[in-house]
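This document starts with one chain, in the form predicted alone, laid out as structure tokens.
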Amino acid sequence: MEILKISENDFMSFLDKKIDEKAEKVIGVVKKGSHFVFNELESSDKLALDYDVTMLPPKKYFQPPKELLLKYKPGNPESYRAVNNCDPMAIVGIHYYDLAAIYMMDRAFSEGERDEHYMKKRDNSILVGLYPTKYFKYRFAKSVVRDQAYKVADLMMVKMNGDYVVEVVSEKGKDFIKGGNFIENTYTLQEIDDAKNKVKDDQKIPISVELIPDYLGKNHGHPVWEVFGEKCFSCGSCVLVCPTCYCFDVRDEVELNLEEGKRIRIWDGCMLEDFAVCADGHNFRKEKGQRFRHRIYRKGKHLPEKYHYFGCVGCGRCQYSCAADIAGPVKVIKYMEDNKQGGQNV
């Protein structure tokens, strides 16, 4: 892996050049009120790489909240035409835990029935990662993320004084930085590693992530599901901000003239009351406690058993967004550990 460096000022000039060239959309983190969001950049002046967490993860560019899949004319099967337009884009400043989430999203949308809408966007994207420079009190990524970030990143950046050290991970990343004032790195590997780990997490999963699938399997009947479920508002905020939630609903929208129609997909989530409703109105997870348990099991048991990685990347968005203050996996598992019955979890 090639390691280069570039001054912060030169990097901003490099981005301005990329924006002017319009070879791809340049997307970065910008400030929105007191929060941060990913947005298309018109100049590097708006870029805010010194951020704690974004309101939504960058997955919104690969699986948009509302996405057009196809258009058709009602009653005419031959008129069905898939819509899969995608402009090239470079997303700058993605924290390593969000890259880890994109790795799992890639697995979900590429294996089995390959999702061409998602994968075309991924194929036309360049991911520029960044190690966090600012503390976020709900983050616990270091206790759950392993090596996934480097499986999808094209470039990884580390802030070093007034420079960015840039690790070139892929050929796409190498091509992207051509023409920029990237020079030979002069920092030691130890200095770089120290900078990567400079910002500490305030939280930590109290159990090794490798043990959690079995741990949850033995605690299906634990009181935590009812205790926390009783407090839940079923608003769905936790799953809608989650970078590893990829459930969706598909709907047809027909114009009032009945001459044109389109098929869309929109975000959906297992914490919403109607998510598990099927034919004849039966709801497989009618109770809030059942839905709460399903969400934690998906992150801590189902996804790890399928992909061999913990299904939560520790970004902390769910806990930050939860009005009832119950959504954080750290809080859930700590409650389970603090409320063992007879020395054993039930």
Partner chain sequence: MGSKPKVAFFDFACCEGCQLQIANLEEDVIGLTNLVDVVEFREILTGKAPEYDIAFIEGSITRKEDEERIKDIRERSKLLVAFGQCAVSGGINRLKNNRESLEDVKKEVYGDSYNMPHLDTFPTKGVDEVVKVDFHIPGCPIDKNEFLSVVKAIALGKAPSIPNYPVCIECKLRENECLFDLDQVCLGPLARAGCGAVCPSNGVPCDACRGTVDNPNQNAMHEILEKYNYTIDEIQRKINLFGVKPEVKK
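Numbering follows the first chain given and starts at 1. Because the structure is predicted, anything quoted here is derived from the model rather than measured.
The next section is about a form of this same protein that is not shown, the form predicted in complex with its partner chain.
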Self-check item: Contact stretch among 268-276, 181-189, 139-147, 96-104 - heavy atom within 4.5 Å of its partner chain in the predicted bound form
Solution: 268-276
Exercise. Report the residue, out of 177, 232, 126, 165, that has at least one non-hydrogen atom within 4.5 angstroms of its partner chain in the predicted bound form.
Key: 232
Quiz item: Here the chain is shown alone; which of 199, 160, 240, 207 has a heavy atom within 4.5 Å of its partner chain in the predicted bound form?
Solution: 240
Quiz item: Could you tell me if residue 48 has a non-hydrogen atom within 4.5 Å of its partner chain in the predicted bound form?
Solution: no
Self-check item: residue 12: touches its partner chain in the predicted bound form, heavy atom cutoff 4.5 angstroms
Solution: no
Self-check item: Proximity of residue 320 to its partner chain in the predicted bound form, heavy atoms at 4.5 Å
Solution: yes
Quiz item: Is there a heavy atom of residue 236 lying 4.5 Å or less from a heavy atom of its partner chain in the predicted bound form?
Solution: yes
Exercise. Enumerate the residues of 243-281 that have a non-hydrogen atom within 4.5 Å of its partner chain in the predicted bound form, in sequence order, or give none.
Key: 251, 252, 254, 255, 256, 258, 267, 272, 273, 274
